[in-house]
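What follows is one chain in structure tokens, specifically the form predicted on its own.
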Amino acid sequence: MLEVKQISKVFHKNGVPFEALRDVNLEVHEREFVSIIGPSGCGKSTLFNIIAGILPPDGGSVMVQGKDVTGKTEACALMPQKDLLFPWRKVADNTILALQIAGMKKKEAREKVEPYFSIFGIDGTQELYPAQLSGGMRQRASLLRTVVQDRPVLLLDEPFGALDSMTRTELQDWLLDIWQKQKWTVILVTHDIKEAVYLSDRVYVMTPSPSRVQEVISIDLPRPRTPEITMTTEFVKYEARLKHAFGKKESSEEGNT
């Protein structure tokens, strides 16, 4: 479904180059759930912006369903870290924003998103304003806004990072359930190793900047998954393996400093 080939990105500040990404390669198969983890500031969000076509790479390409979509925005839908719901627009009008930007009439867009409100567990919030919703409900509305764009790939950039532990766990279970029913292709950026193991088919571990793929770990745990699986020996082993991979490069970098 998605293939990222040798993506590189260099930023310049006051004439000084900063290499954020170096020859990053990854692939995601149809209906697969893949997570990306790495140290803070290693370029995960930059990589997402390149995949989404928002930011041009300095090298490499992005392929979706065999087509080169580098620099194009029509192939992937990106859900940012913050929900970014406009406080002056009602929830329903927030969820149709991307459709309106694409040229769809308001009435048609409203009709398109309406069935999703019950699927996403936020039916009855259509005429409310974002300030009237809990953090978890706002994230559901934000994901709804992302999904209705009907893009082949969903990019979720730490969607639960700002939530409390109980709400985060609840939304992880909800996301797993709805992902399995809707059969999306999903890439998730997260700092939470436990979350990566719980949700994913595979996990990409990134190095510090200039960021590269250090390791790819397949998560061979049965689906559907429930919170009880997090207490199994197999789950704990995957956590330990990811923690080792996550810390391995950081340690070597510190030793070279």
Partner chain sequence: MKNNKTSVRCDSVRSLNVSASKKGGLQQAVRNGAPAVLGILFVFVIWEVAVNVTHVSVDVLPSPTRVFRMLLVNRDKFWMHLIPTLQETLIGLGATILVAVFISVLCDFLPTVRKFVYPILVVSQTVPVIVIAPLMVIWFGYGLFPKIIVIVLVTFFSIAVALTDGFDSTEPETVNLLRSMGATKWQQFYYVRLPASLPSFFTGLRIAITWSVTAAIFGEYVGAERGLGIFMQICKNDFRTDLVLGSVIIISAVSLILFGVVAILRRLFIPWAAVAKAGAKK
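Residue numbers count along the first chain shown, from 1. Everything numeric in this text was worked out from a predicted model, so none of it was measured.
In what follows, reference is made to the form predicted together with the partner chain, a form of this protein that is not presented.
You can rule out all but one of 118-126, 85-93, 182-190, 163-171: in the model of the complex, only 85-93 has residues with a heavy atom within 4.5 Å of the partner chain. Comment: the partner chain is not present in this chain, but in the model of the complex one of 214, 49, 70, 209 has a heavy atom within 4.5 Å of it, namely 49. Between the options 147, 178, 137, 97, the residue in contact with the partner chain in the model of the complex by a heavy atom within 4.5 angstroms is 97. In the model of the complex, at least one heavy atom of residue 80 sits within 4.5 Å of a heavy atom of the partner chain. Though the partner is left out of this view, residue 112 does not reach within 4.5 Å of the partner chain in the model of the complex, counting heavy atoms only. When contacts are judged by a 4.5 Å heavy atom cut-off, residue 141 does not count as touching the partner chain in the model of the complex. In the model of the complex, at least one heavy atom of residue 76 sits within 4.5 Å of the partner chain. Residues 129, 131, 132 are the members of 119-138 with a non-hydrogen atom no more than 4.5 angstroms from the partner chain in the model of the complex.
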